[in-house]
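Here you get one chain, nothing else, as structure tokens; it is the form predicted on its own.
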Amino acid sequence: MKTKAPHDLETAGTRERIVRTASRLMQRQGYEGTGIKQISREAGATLGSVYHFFPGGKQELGTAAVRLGDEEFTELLREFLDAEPDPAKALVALTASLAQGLRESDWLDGCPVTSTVVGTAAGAPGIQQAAAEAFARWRAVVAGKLVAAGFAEADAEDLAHTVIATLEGAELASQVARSETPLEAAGRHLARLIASYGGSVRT
């Protein structure tokens, strides 16, 4: 998943710079593998500034990073779903874009929400809650598109669960395999699944 490039951070405010840096590092290294000092150094901020904005320390910062990832993927989802009337075709285009972004990042930039929350949920309830809210928001965006395309609400909600779970798994599989194939195949099969309900033009 694409995130703001490092050179874009130069014009960001201190708090935004800290959060975006934390999100990028946790996306690539995980929550446990990312330290406050590294975030401070790469964000060009003092440790004092980090704790000024995030008095709760790493957990509070991790929660903010997850919320940023939520916002960015919500925006991406809406961009692709709004650009194409047929939700099946929109998902094919979305998975192709995710695959391209992964390849361009040398397979490092997967889902920042999943990368941050895995292994932290029990000891960091704020991060777990933020991640749960992110998945719920993404499902709502997909379900809304499907309802607008003529799907029954119950079918749209079930399909939204399948879509988001499949995208998450396929993105991880593409990272591990260093290949676009899992994401591209996921897009094609999601499109066929959606088309099978009769609410979308078959691709």
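This is a predicted model, so every value here is computed, not measured. In case it trips you up, residue 1 is the first one in the sequence shown, and so on.
Below, we turn to the form predicted together with another copy of the chain, even though it does not appear here.
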| said: So, a 4.5 angstroms cut-off on heavy atom distances: do all three of Q128, T162 and A170 pass it with respect to another copy of the chain in the predicted complex? | reply: yes
| Out of the stretches listed (141 to 149, 162 to 170, 35 to 43, 49 to 57), which one is close to another copy of the chain in the predicted complex, meaning heavy atoms within 4.5 Å? | 162 to 170
| Contact of D70 with another copy of the chain in the predicted complex (heavy atom, 4.5 Å) | no
| said: With the partner left out here, check for me: in the predicted complex, does some heavy atom of T95 sit within 4.5 Å of another copy of the chain? | reply: no
| task | Flag A90 as yes or no: does it have a non-hydrogen atom within 4.5 angstroms of any non-hydrogen atom of another copy of the chain in the predicted complex? | result | no
| query | Does at least one non-hydrogen atom of R15 fall within 4.5 angstroms of another copy of the chain in the predicted complex? | reply | no
| query | What residues in 17 to 35 sit within 4.5 Å of another copy of the chain in the predicted complex, counting heavy atoms only? | reply | R28, Q29, G30, E32, G33
